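What follows is a single chain, given as structure tokens, in the form predicted alone.
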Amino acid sequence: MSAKKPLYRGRFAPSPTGPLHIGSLYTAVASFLQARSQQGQWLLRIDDLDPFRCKAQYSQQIISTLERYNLHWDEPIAYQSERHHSYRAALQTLQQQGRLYPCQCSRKDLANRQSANTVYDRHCLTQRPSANQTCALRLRLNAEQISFKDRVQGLQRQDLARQVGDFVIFRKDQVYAYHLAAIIDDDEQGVSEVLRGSDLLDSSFRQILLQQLLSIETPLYAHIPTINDAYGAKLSKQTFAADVALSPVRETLIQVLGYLNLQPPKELLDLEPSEILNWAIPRWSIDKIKPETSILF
């Protein structure tokens, strides 16, 4: 990183597959407070990598909602849809290392062969597809065991070959995998810490391996609990969680601060959203977040 940049650089990177819900706002506020409490920078990246699921209208909705809650970013917004050249270069590096191989397996093929086993059986590693077939690219794993200390969840370990198997980093439909794109973007943006929901904790092992293979410095990781509904399901766009832009800003912001264990007083209702955030910044600490995977909405 440039010496002129602050030591701390955090980011919020939503996928525009629907409007922002309170679970996403909660993560955005946490990452914002983490950056501001350390006099650092907070970046916004739109992870619109998948053209089949992501919509420009949702990108604009998300941006407008963050502005409504006074969550202001410090640099121009980055869009993954504009960064394919960087992902392509990383893919070529992995290809040169001999770590990639083509895979033609469909989900139906995998279901028929693997039954309850979720680890890829390396079918296409030994039976290469013909040249005219559309294929995904998988990363060939060796005996890689990844461990890291998460700032919320503690020490984490995973045997990638045994627990995950060779994973796809370029899909059949010509879409780069999230794992690859995220680490390239975080590196090029100088992100020093990735604060996100615990539902992405498992992704970290694959991302750290890719960082190692591409000689990218691994940032700090902090995975906060997700917000789940009464049935135990994570609030998400897929479960039609309500658009937080339709909620009252002060009340919702104070509710989020409660989820972050800041114990906000009722008097904050008399303040503007920017003042509520200013109240929270000096009181914020990542150490106040308990090492849980979820909390109830």
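Don't overthink the numbering: it's just position in the shown sequence, from 1. All values reported here derive from a predicted model rather than from experimental measurement.
We do not show the form predicted together with a small molecule, though everything after this point is about it.
With the partner left out of view, is Arg45 within 4.5 angstroms of the small molecule in the predicted complex by any non-hydrogen atom?
Heavy-atom contact with the small molecule at 4.5 Å: present for Arg45.
Do Leu277 and the small molecule share at least one heavy atom pair within 4.5 Å in the predicted complex?
Leu277: no contact with the small molecule in the predicted complex.
How about Gly18: is it within 4.5 Å of the small molecule in the predicted complex, going by heavy atoms?
Judged by the heavy-atom cut-off of 4.5 Å, Gly18 is well away from the small molecule in the predicted complex.
Answer for Arg151 alone: is it within 4.5 Å of the small molecule in the predicted complex, judged on heavy atom distances?
Arg151: no, not in contact with the small molecule in the predicted complex.
At 4.5 Å between heavy atoms, only one of the stretches 196-204, 122-130, 91-99, 161-169 reaches the small molecule in the predicted complex; which one is it?
Of the stretches listed, the one contacting the partner is 196-204.
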